[in-house]
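Shown below, as structure tokens, is a lone chain in the form predicted alone; questions about how it binds or moves come after it.
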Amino acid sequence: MKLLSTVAAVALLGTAAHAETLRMSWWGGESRHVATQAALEVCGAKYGHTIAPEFTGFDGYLEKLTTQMAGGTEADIIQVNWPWLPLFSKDGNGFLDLNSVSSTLDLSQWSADQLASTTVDGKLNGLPVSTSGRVFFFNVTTLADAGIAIPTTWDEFFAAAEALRAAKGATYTLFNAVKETAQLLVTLSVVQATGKDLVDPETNRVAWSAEELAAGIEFYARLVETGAIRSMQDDAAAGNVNLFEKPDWANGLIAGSYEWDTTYSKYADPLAEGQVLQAVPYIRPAVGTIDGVYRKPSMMFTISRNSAHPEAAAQILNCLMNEPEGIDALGDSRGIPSSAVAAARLAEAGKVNANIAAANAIAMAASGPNVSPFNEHPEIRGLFIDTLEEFAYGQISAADAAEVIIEGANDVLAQFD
């Protein structure tokens, strides 16, 4: 009788769960593939579903997903790069609105700002898997050797640059700023001054005036002219080597940079013995303003609008992101989770690098407007960097550079009206 009751209970559970067969697609390396497959196994077993994994490296993933989305053959659960959101869902209808399965998905584990970053026209298109932000890293050993405090304002920053050269010699530079980092420092300057992101979400056009952007470009010029950073010409003469590969970085002759919080180890590991890298709060103008944080989802999990089993997909998605089985299996294979319960569980288990966690905490606490994924549209990003380089080489004025960037960016944005 007891055996019969048990069998009956299992049968009822299976019926209630409506066991389904789903698919999930993602990109990554071997460690992510292994972790994700393990997570799908335990979450599938928990809810009685079978999830077929579809995984590749990053190269070619966008092209494959584009073909699938065009034909309506995409997986039920999809890992999507955040900058691709306008490409697949410019009106918010490209993916399932996750608000429609909020009784299954615990959306309370994400902040309002995090959810806003993946919302299009009121529709929640995905859940941030991890949230990254640019933060200031300083070699505190170099600063301490020169008797310099970590700067907190831009006035202190420029004073520190001068003091470092006076104490250690002309071969020392306070900060790094080339290519994308230089462009994002210009962006930071404009955002701190105006409180506006590059793109106005209401008009889908550049939110900054030409004068505001020109001021940001002139700020970059001041960084170079005062010796706070090396010029693009000097960096090119040195071979345009990645910062983490430069001997001057390893030996503390370049004392800081503005990088993603998740890349702490990438920049700390090459440092010579005795050198210590530390994430610090945002440098701001002396007069009260926002931090101007550039914070974004590193990627998001979505559910296909064509899924025949959205509730089952939502069960698996919630397990992956919010439930112990999925959290433990995925670990930090995609960075520090954006889900509050997942981040807390991994931290308690000692599975998060303390320095990366400290950098992430700074990025998460910082103030700033929501960042549009159009900031990373390849045409807009490329135009911004190339035009800033023309300015750096004296081929164009700050005012003209601002006009070129705004006009070109608006041409790209107009394609998404």
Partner chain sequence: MRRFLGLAYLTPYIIGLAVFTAVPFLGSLYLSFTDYNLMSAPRWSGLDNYLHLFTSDRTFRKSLTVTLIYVFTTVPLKLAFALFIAYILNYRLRGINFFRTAFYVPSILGGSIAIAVLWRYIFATEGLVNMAIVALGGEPVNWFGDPTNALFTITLLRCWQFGSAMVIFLAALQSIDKSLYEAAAIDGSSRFYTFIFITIPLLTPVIFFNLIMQMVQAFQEFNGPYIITQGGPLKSSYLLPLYIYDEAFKRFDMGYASAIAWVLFVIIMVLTLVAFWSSKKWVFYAGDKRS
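It should be emphasised that the depicted structure is a prediction, and the values quoted were computed from it without experimental measurement. Numbering follows the first chain given and starts at 1. The term rigid core refers to the most C-alpha atoms you can superpose between the two forms while keeping them within 1.5 Å.
The form predicted in complex with its partner chain is left out here; the points below concern that form.
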Open item on the list: Please determine whether each residue of Trp110, Gly335 and Ile356 possesses a non-hydrogen atom within 4.5 angstroms of its partner chain in the model of the complex.
Closed with: no
Open item on the list: Since only the chain is shown here, I'm wondering whether Ala166 would be in contact with its partner chain in the model of the complex (any heavy atom pair within 4.5 Å).
Closed with: no
- [ ] Answer with yes or no whether Thr153 is in contact with its partner chain in the model of the complex, where contact means some heavy atom within 4.5 Å.
- [x] no
- [ ] Using the partner position in the model of the complex, report whether Val42 sits within 4.5 Å of its partner chain, counting heavy atoms only.
- [x] no
Task: is_contact(Pro201, its partner chain) in the model of the complex, heavy atom dist at most 4.5 Å - done: no
Task: Partner-contacting position among Met69, Ile51, Ala363, Val371 - heavy atom within 4.5 Å of its partner chain in the model of the complex - done: Met69
Task: Heavy atom within 4.5 Å of its partner chain in the model of the complex - residue from Ala116, Val241, Ala272, Ala149 - done: Val241
- [ ] Report the stretch among 386-394, 28-36, 43-51, 363-371 that approaches its partner chain in the model of the complex to within 4.5 Å, counting heavy atoms only.
- [x] 386-394
Open item on the list: At 4.5 Å, heavy atom to heavy atom, what parts of 221-237 sit next to its partner chain in the model of the complex? List them in sequence order, or say none.
Closed with: Gln233, Asp234, Ala236, Ala237
Open item on the list: Once you overlay the rigid core, does the Cα of Asp91 travel 2 Å or further between the shown form and the other one?
Closed with: yes
TODO: Could you check whether the CA atom of Ala363 moves 2 Å or more between the shown form and the other one, using the rigid core for the fit?
DONE: no
TODO: Using the form shown as baseline, tell whether Pro201 and Gly94 are closer or farther in Cα-Cα distance in the model of the complex, where the change reaches 3 Å or more.
DONE: farther
- [ ] Please say whether the CA atoms of Phe58 and Ile385 come closer or move farther apart in the model of the complex, knowing the change relative to this form is 3 Å or more.
- [x] closer
